[in-house]
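Let's start with one chain on its own, the form predicted alone, as structure tokens.
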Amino acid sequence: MGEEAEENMAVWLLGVKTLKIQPYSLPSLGPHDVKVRMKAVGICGSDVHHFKNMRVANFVVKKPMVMGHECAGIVEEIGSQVKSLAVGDRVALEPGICCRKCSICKNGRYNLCPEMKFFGSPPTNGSLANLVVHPANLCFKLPDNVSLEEGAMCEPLSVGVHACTRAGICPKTKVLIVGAGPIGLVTMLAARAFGAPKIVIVDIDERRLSFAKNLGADEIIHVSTDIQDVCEEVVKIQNAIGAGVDVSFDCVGFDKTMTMALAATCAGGKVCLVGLGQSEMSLPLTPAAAREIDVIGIFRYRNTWPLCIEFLRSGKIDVKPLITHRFSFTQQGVEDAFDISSQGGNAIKVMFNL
């Protein structure tokens, strides 16, 4: 009965920039579920958008919601039919539960399921809590040499891995990454792990470029926010890469960044739109189409956790330098962590240790 007596607490978003640690009643444990004690939870850009605006695109927070979706923890209880995991296992959680019944799920592209229930995306409660209940098949056991913090980093890393998979990155692919924020950086790490021999990254922020260089970018280029500078900046990119850009990843998603990606990419190349900064853009698609540039969209990820964990286990990817700030699971810690994340600045990944 001791376990029953412990009240599960979680970080609730109650209004604009209003977070409070309050009790959270968990759903009952189903036969195929596990109860996981959270140990590491990261803050994502979408969490910050919810915090500041109570919405991300069409996902609107209409009632109090538990935050968080980048997470890892320790299995505390297993459902009656669970065979793949045991109590005490350290696991990384994939945060989206698809319906598994619609034609999209049956075709394997389950990340596009219209009925997706995704941690911390309204109206679904998230994982910044002491305990969560989650399907066992979405909890991936971590090797001994991969920490719980690294396990939580599988979620943002999955975006980069999925982007590289969709774009077909290989040891012949020369890559441009537009945007040196957290997603640009994990895309860079993933591209390198997939074998990309040359990676150029551009950004408007010198500090982020310096961080990217230390993380392994071959070349960094400081660019402006002015779309009039695109032609001049494309020349710099092409000189830096020493040949044509085979694949560009736009990890920002504005008119300027996408125009630059399209212009910098060689004929027959690909542009992968990862960042969704603007809901609508005005782009010079006709000249891009005339050069047979393929534009690829991505939404979250699918089937990426095993590969992410293997990249971390083998040392092909090191995400530890991305974790720049750590906070405890207290009211003050929560407020400070979201303040730091909201400011951007030198914060890359802010992590809670529970």
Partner chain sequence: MGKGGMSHGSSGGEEENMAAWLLGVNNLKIQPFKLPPLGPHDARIRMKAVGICGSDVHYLKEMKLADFVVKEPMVMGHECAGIIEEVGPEVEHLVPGDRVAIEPGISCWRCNLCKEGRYNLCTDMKFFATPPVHGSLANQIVHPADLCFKLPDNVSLEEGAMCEPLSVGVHACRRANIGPETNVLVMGAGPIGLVTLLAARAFGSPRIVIVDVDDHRLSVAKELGADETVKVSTDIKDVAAEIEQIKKAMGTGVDVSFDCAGFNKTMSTALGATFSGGKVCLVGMGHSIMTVPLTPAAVREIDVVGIFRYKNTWPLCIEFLRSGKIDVKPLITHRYGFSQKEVEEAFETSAHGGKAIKVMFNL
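Numbering follows the first chain given and starts at 1. In this text the structure is predicted, and so the values were computed from the model without any measurement.
Missing here is the form predicted together with its partner chain; even so, the following discussion is about that form.
Heavy atoms within 4.5 Å of its partner chain in the predicted complex belong, among the stretches 47-55, 23-31, 304-312, 286-294, to residues of 286-294. When contacts are judged by a 4.5 Å heavy atom cut-off, Arg100 does not count as touching its partner chain in the predicted complex. At a distance threshold of 4.5 angstroms between non-hydrogen atoms, Cys231 is out of contact with its partner chain in the predicted complex. Mapping the unseen interface onto this chain, Glu280 counts among the residues with a heavy atom inside 4.5 Å of its partner chain in the predicted complex. Under a 4.5 angstroms non-hydrogen atom cutoff, its partner chain in the predicted complex lacks Lys256 among its neighbouring residues. Distance criterion of 4.5 Å from any heavy atom to its partner chain in the predicted complex singles out Leu112 from the list Leu112, Ile204, Cys170, Ile74. Taking Arg90, His134, Arg166, Lys198 one by one, only a single residue has any non-hydrogen atom within 4.5 Å of its partner chain in the predicted complex, and it is Arg166. Residues of 262-279 lying near its partner chain in the predicted complex, listed in sequence order, are Ala267, Gly268, Leu273, Leu276, Gln278, Ser279, the criterion being any heavy atom within 4.5 Å.
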